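The chain that follows stands alone, in the form predicted alone, written as structure tokens.
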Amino acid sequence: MSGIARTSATGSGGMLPELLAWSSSFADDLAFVQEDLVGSAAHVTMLARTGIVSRDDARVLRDALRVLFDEARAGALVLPSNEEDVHMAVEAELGKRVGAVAGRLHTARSRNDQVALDLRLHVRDQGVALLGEAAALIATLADRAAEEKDVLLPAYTHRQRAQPVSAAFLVAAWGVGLARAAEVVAFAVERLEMPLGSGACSGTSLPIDRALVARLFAPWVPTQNALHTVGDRDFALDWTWGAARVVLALGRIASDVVDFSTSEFGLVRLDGAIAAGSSMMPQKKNPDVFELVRGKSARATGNVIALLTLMKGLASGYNRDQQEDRGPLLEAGRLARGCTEVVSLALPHVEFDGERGRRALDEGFTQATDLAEALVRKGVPFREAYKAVGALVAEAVREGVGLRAIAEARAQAIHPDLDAQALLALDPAAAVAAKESAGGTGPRSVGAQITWLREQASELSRRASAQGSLETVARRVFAEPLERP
């Protein structure tokens, strides 16, 4: 260990190797090395512009940081691994490359606000990427819904056949769930603020310019309170919750595909490009990919719970406990982006079985509510209509037939308004077409939903672009003049 963060007061000989290895966050922190280098470059720029560090020294430091950043982007950067964390490892490496001037890098900065910046930059970069990928999938779902308007199948409540809907309506429901989840991710990204300059807990007496650094990370603004900033992981909670929401939304899509691809439902077919086999049963076509997406939600929600538990009851300011945020925060993006990619790749290989959907509607009593509403349109009170149709269903059950098989005369014996006109409501296509209430399964309503999904996809993409990726931020930071304008 180089001893950069050690003095005679703390014991310049360094920690016991066993304790250093146990307490080090270096392995996890390597995931943030690019963020750390960009943050350091922005800090050096500010130090030069405020005159705290000379322009010559700042140029040496920022040029070296740019080289390290390029090496990190190429996967070629090797840092000393015997440091407490990646921040000290970067400073130690700079010392090897530029000498004593590296000692100026940490001026007016603490590892507390440094890691607060690195983590936020990571959330921003991953959040922007996830928003873009989710937006693309939402747009794909909108297109798929437009293709499935003529395919009919039952909707389910309590996993029992409920009412006729179009496959377009089901796919639109998937898209709405994902769009709502992506909104939470956008919230997490757009709430990020610039923490650098908070120092260890109370700011600094040096004449720094936090607004300048925030401008480099635009559209960020500086955080409000240094003590809160260094102990804050609200942004991490927002991020892991947003990522979990995406995985949960994808898990519901996956669950429908898993169920509907079984022989018991038979509403969709999986082609060989996504179906898995069995090591023992040669006939099996298993929806493993979708089962795994559904299963990932356990880890996604676990990350939220881990962070909530970690932060529960912590005192104000930074506590080393917070080092345990790395696992949940890092995994959140990997999980959500991985599931989004998998579902995007797999859904085109899922085909709706329109014939099986029609049979499922004809075999059951899914149009019962539509028939009751037909009676309501004829002036019959709903409870009276409800009971009349219930009696008709009981008659069909006794005969072992569907509702459409009951003759008009027998229906009218139950209720005189169950005439031929009312019985037209038992046609599944008519039942679907009739539900034009906002949000319903009628063609015009579904068309409006598809339009909304496309608008949401476009808006989410715009919001992601407004934030910019880490690479975008890096270009801005390294191009910023060191001289005052």
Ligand code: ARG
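One-based numbering along the sequence shown. Just so it is clear, the structure is predicted and the values come from calculations on it, not from any experiment.
Keep in mind that the form predicted in complex with this ligand is missing from the display, and what follows is about it.
Enquirer: Going by heavy atoms within 4.5 Å, which of 189-197, 132-140, 316-324, 163-171 lines up against this ligand in the predicted complex?
Expert: It is 316-324 that comes within 4.5 Å of the partner.
Enquirer: Does at least one non-hydrogen atom of A300 fall within 4.5 angstroms of this ligand in the predicted complex?
Expert: A300: no, not in contact with this ligand in the predicted complex.
Enquirer: Is there any non-hydrogen atom of D370 lying within 4.5 Å of this ligand in the predicted complex?
Expert: Result no; D370 lies far from this ligand in the predicted complex.
Enquirer: When the contact criterion is heavy atoms within 4.5 Å, does R104 count as touching this ligand in the predicted complex?
Expert: It does not: once this ligand is placed as it appears in the predicted complex, R104 has no heavy atom within 4.5 Å of it.
Enquirer: Check E183 for me: does it contact this ligand in the predicted complex (non-hydrogen atoms, 4.5 angstroms)?
Expert: No, E183 is distant from the partner.
Enquirer: By the heavy atom within 4.5 Å rule, which residue out of S261, N112, T223, Q126 makes contact with this ligand in the predicted complex?
Expert: Here the answer is residue option N112.
Enquirer: Could you check which residue among E91, D353, E148, D85 gets a heavy atom within 4.5 Å of this ligand in the predicted complex?
Expert: None of the other options qualify; the answer is D85.
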